[in-house]
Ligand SMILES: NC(=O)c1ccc[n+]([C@@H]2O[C@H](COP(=O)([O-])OP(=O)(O)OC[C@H]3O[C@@H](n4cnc5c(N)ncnc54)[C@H](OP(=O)(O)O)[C@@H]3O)[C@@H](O)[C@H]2O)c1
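This document starts with one chain, in the form predicted on its own, laid out as structure tokens.
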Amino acid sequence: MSSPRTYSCALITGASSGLGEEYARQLAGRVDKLILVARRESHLTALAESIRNEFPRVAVATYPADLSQAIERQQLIEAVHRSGFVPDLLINNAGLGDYGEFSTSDWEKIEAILHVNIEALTHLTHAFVPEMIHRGGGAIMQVSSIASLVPIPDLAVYAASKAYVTSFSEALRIELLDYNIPVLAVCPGPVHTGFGKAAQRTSAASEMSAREFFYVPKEQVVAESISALDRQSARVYPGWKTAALAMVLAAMPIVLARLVMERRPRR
């Protein structure tokens, strides 16, 4: 069993709630510094104060930023470089979704999904990996989804964006093996966070709910993914039910996957 790994500084995106907030809380005892990034400044401030009260030795910096905007991402990167809070653990957790048919989707929301799930994740990774290599080590956690394994109607863009995250993470992991920088793709199933509500359209709210059977608590998702990073795993599917489903999906020929998705309840 791998011993818990400590870090000098962890940067977490989407840190104002859900999995991002939970990553901050569970990692606070294992880092010297935390960089919390999200759009909602008031939530970040409250979380930072809570962590400082519980872990007085941990320095916490907050950066409100809309990661869908390239200029705000660049400003974040420059501010982090100036601050001296140089991350040796990067957790790209921020993500957006949209549930409903592609033909009736709002383009601005689809564009934001592409900017956050793909562009921002790649941009931040590109910004901080060279410094990890220069310092001789680090770690990267990319929050993907079990949806990355199959094309999913009504979640077409989201699932495709997560397929990019998983594939990118696997390739980057191989590139960074010799630099002591493990890369982990976290592929959870349904989790009770604000993500599902944000992904819903008003007319599709009742269609988004997945069966409670597959839900995994956010605390478990985060704990299992941190343990997987300690083991330097390539990928993790938190929760045994999610892991079992992932095995089935990964082994499924695309022809069969098409048939399953065509018959998947959508209404």
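Position 1 is the first residue in the sequence shown; the rest follow in order. Please read all numbers here as calculations on a predicted model, not as lab measurements.
From this point on, the text means the form predicted in complex with the ligand, which you will not see here.
Using a 4.5 angstroms threshold between heavy atoms, K241 stays clear of the ligand in the model of the complex.
Looking at S68, you'd find a heavy atom of it within 4.5 angstroms of the ligand in the model of the complex. The closest heavy atom approach of A38 to the ligand in the model of the complex falls within 4.5 Å. Heavy atoms of G189 reach within 4.5 Å of the ligand in the model of the complex, making it an interface residue. Comparing 102 to 110, 141 to 149, 82 to 90, 169 to 177 against the ligand in the model of the complex, the single stretch with non-hydrogen atoms within 4.5 angstroms of it is 141 to 149. For the candidate spot formed by L11, T125 and R235, no residue has a non-hydrogen atom within 4.5 angstroms of the ligand in the model of the complex. Shown here without the ligand, the chain has only V116 in 104 to 130 lying with a heavy atom within 4.5 Å of that partner in the model of the complex.
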